[in-house]
Structures are given as C-alpha cells and as structure tokens.
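Next up is one chain by itself, shown in structure tokens, the form predicted on its own.
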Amino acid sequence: MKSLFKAIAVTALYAVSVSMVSAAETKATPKSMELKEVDAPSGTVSSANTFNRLLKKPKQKNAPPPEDGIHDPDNEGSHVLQPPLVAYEGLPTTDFGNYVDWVQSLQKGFLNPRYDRVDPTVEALVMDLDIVREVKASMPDVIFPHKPHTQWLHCSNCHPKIFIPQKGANQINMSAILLGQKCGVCHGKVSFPITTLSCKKCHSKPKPEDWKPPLSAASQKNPWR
C-alpha cells in the first residue's frame, strides 16, 4: 500500500514539474517563433501560390512594355517598343495569354519573322519535326512541334542550355514548368501561359484505347500484389 501511495506521489510531482517547465518555456519563447495571423489582401493570389509567377493575373491586359512587369522600365528601348494593343490589332485571337494565336498568325501570313537581326535575306532553318513525350498519368501525351518554334527561333535559343538534344536526357514535369524552368522559360512570358484553358495545346495526343496506368516500382517488386 505504501508503495502505491509513493508511486502516486512521484507521478503527481512529475506532472507539476513538467507543467512548470512548459510555462517557463512559453514565457521564454522569442517573438520570432510566435504565430501571427496575416490578413491576405483581397483579390490577390493566396500565399500558397506566391512563388508561382504564372498563376498571377496581370493587372492590365496587354499593358505597354514599360508597365507589363516583364520589360525593364528603366531601359529606354522599352519605351520605344510598339504597345501590344496597337501591334496585335487584326491578328487571330485566342482565349488566353496575350490573346493572340501566334501559330495561326504565322500560317496565314500575317507575320514574317526575320531570322537574322542584321541581314534580312537570311532564310530560316525550319525543322518540321514533332517530338512525342509520353505522360505516365492519364493525361494525353505531349506533342512538341519544332516547326512553329523554329519559324521564330534559332536552335541555339533552346539547345543545349534549356534542353539537351538527346533522348532521355531531359526530365520535365509541371512543377518545373510552373516555376519558370524548361518550357516555362518562355511559356508564361512571351508565349501562351500554362492554364487550364491551354492544357490541350501541349497535351494533344490521346492515350490508346487499351492504355492502362503503369504500375509503380513498389508494385512491380511486391510479390503479394
């Protein structure tokens, strides 16, 4: 009986000592560790997505270069550029990005990009080659068309700094793209952004009718599945 009372007394003493330590730690907690409520401004992107520049909606549709958040307002050349609302007039439209369908503009002859900055007689090296990237998830596979890209750009714009021209050498995922890497280097700034409206622009090859999601490595190695 005495041992029982002794155990109860020890337990009670331990509980009191723990509560005293906790109270002391609470008082000693530095202000930097205290949680504070932050009121998010209305109409802005939530704090969970502030890292993602592609989710921020522009304040003004096709703003002048010095005000669009992309061009340097302190650069005199930004003020010389033609305002988009004037330059884009009459071009085929789309529902996202800067609201211009640039591929249709090329195909219909509205635009004729100069391949060399100095010499206007240099002919473009246009590559009509589609690259298919299989997607492991149920989304349609991605078709990357070289033709509309090489009508605008020289190969050195993308290779090898952004994309290594070798099969299997480029790991691409949506997280990297949304962070402005890989395809996101251009898409979201100078080309159409990554939105729910533009998914099918890249994910354009449907899965085969007999397609099944691949098993994970863990499932393949598990003999009891």
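Given the structure is predicted, the values throughout are model-derived calculations rather than measurements. Rigid core (definition): largest C-alpha set, two forms, superposition within 1.5 Å. One rule holds for the numbers: they count along the sequence shown, beginning at 1.
The same protein has a further form, the form predicted together with a small molecule, not shown here; the description that follows concerns it.
- Taking non-hydrogen atoms only, residue 87 never approaches the small molecule to within 4.5 angstroms in the predicted complex.
- The small molecule is not shown here, and in the predicted complex it never comes within 4.5 Å of any heavy atom of residue 60.
- Within 4.5 Å of some heavy atom of the small molecule in the predicted complex lies at least one heavy atom of residue 127.
- Proximity of residue 122 to the small molecule in the predicted complex: non-hydrogen atoms within 4.5 Å are absent; the residue sits far from the partner.
- After superposing the rigid core, the Cα of residue 78 is displaced by 2 Å or more between this form and the one not shown.
- The two forms, fitted on the rigid core, differ between this form and the one not shown by 2 Å or more at the CA of residue 115.
- The two forms, fitted on the rigid core, differ between this form and the one not shown by less than 2 Å at the CA of residue 206.
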